[in-house]
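Next up: the same protein chain in two forms, each one alone, written as structure tokens (structure 1, then structure 2).
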Structure 1
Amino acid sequence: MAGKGSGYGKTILFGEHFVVYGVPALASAIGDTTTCVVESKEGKGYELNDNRPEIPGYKEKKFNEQKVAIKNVLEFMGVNLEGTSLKITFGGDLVCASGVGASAANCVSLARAINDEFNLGWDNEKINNAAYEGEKGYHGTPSGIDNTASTFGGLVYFIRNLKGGPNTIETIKLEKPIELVIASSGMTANTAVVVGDVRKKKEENPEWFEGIVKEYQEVIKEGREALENMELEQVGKLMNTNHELLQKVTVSNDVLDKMVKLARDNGALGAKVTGTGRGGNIIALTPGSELQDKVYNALKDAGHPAWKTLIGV
């Protein structure tokens, strides 16, 4: 017998980095998933087979973080590797890159496979908690938005509870799914380092940071409303504003800015960095398959691995 599990990839539509400080953010699961198979037998320790597709170098760069993540998930779920040995195999169609929720999907898929293998009967909430512990191996102090989107799927409005109580998690339904393009800069970023740098900037100049967060709070308020009303031009504009705020907190770079511009020049209603930044991915809002193809091709032709996806499914 083998235990099986999977976790969605995700993209953040509004609020990466700001979400760490307890303001709302919006993320969407994407259709691509990481899968995990766990086989247990008598013995000790675990063997890891990581067959996930990747942006070159991603898995090697993240290997040490992944080891801590696996340890955290196993400990949280009460798996004792002194008397049990595990064969853990990751796969799936989610191409691992910074910004696409690869670490979260890794942790969620593992938690689900362990749950299945040992018949623990854990519900989504507990799986999400286990994945959050795993995410600490990758991020240090994750907000929890990535593992939440990866566990529950759909479009998730998320507020981190800074007092340690339960986070606010609301699933949003859209009238119909919206086409989105995700494209990779090819650079792998270290989330803990980038989040740490932003925190340093905040501490050096709290008033400046507070001003940016205030601007962002308008963006997320209007962004949620616009999405729920399917006012997509407005959603795009607000994504652009969100990108500017991310530039201000120094998580964009020249490559990402060029990609964002290319997407907009080709008709995207809005484009922004998504996730950690300083590498990783951008997203572009491209309602309708024709516009989606156009933006996708432009980014691909410029040498960026790109994916077509839907949000709000």
Structure 2
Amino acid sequence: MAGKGSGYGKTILFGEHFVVYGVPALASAIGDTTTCVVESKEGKGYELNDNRPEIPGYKEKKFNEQKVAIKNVLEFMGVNLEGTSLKITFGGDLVCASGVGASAANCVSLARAINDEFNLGWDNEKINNAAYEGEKGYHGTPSGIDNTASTFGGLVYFIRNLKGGPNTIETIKLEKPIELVIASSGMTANTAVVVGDVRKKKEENPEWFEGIVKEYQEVIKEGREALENMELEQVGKLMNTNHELLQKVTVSNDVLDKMVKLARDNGALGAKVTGTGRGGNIIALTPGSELQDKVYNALKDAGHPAWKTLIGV
């Protein structure tokens, strides 16, 4: 027998960059998952087989971080590799890329497979804690938002504690999943540089920046309410407003703006940058498989790698 587990990918619906300043963000699990199979036998150490689909070069670039993450999860869960040998196999349909929570899904699926193989009886809360330890291997000091979405599914409402205490993390379930398209610009941005540039703009003109933050606070408040009430036209409008605010703080660029416009022109209720910006991905809200297909095909035909998925799973 072998232990099996899975973890959801994620996307940020509202709040990237603004979350750094202590205002809420809203993320969602997506329908794509990473799976893990763990087989224990006599011996020492572990053998790793990573069969996850990827944007070319992603797994190689993250390999050393992944090794630390696996070590962290195993240690946290009390697995002693001096007395046990493991075969760890990752798979699933979540494409490993920046901005989709691939590292968190990796850690959650491993924790669940270990839990299953050794009959530990851990609940989701403990699995989430193990995955958070794993995420430290990838991110140093993770926010906790990715592993929470990956573990519990649904939506995650997140507020960073600027004083260093526990962050506020709430999980929210939607009435039903909603179709979404994710598309890649093919460009990779350095998160630290982009966050630093936004901070510089804030320091140069604090009153202007505070005005943008106030606008965003309304967006997130109304966005959460609209999602909970399944008012999808309103959700789309608020995603568009969020994108405009991200443009103002310079985290979009011409390529992303054209992708957003293309998605909207083909019927998406809303579209915006997701994640770091200046590269990476956009998301488009496309309720119903027909609209999802139309927007997906438009982005793909324009040369952008795209995925059809669901939020609120």
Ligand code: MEV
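Numbers given to residues start at 1 and step along the sequence of structure 1. Basically, rigid core = biggest C-alpha set you can superpose within 1.5 Å across the two forms. Because the structure is predicted, anything quoted here is derived from the model rather than measured.
J.: Only one of these is the form predicted together with ligand MEV, so let me know which.
T.: Structure 1, which is the form predicted together with ligand MEV, differs in this respect from structure 2.
J.: Has the Cα of R52 moved 2 Å or more between structures 1 and 2, judged after a core fit?
T.: R52 C-alpha, core-superposed: shift of 2 Å or more.
J.: Does the C-alpha of N119 move 2 Å or more between structures 1 and 2 once the rigid core is lined up?
T.: Yes; that C-alpha moves by at least 2 Å between structures 1 and 2.
J.: Superposing on the rigid core, do we see a C-alpha displacement of 2 Å or more at C36 between structures 1 and 2?
T.: Yes, C36 moves 2 Å or more.
J.: When the rigid core is overlaid, by how much has the CA of K71 moved between structures 1 and 2, in Å to one decimal?
T.: Here K71 registers a C-alpha shift of 9.9 Å.
J.: Where the core is superposed, what shift in Å does the CA of G101 undergo between structures 1 and 2?
T.: A shift of 3.1 Å at the C-alpha.
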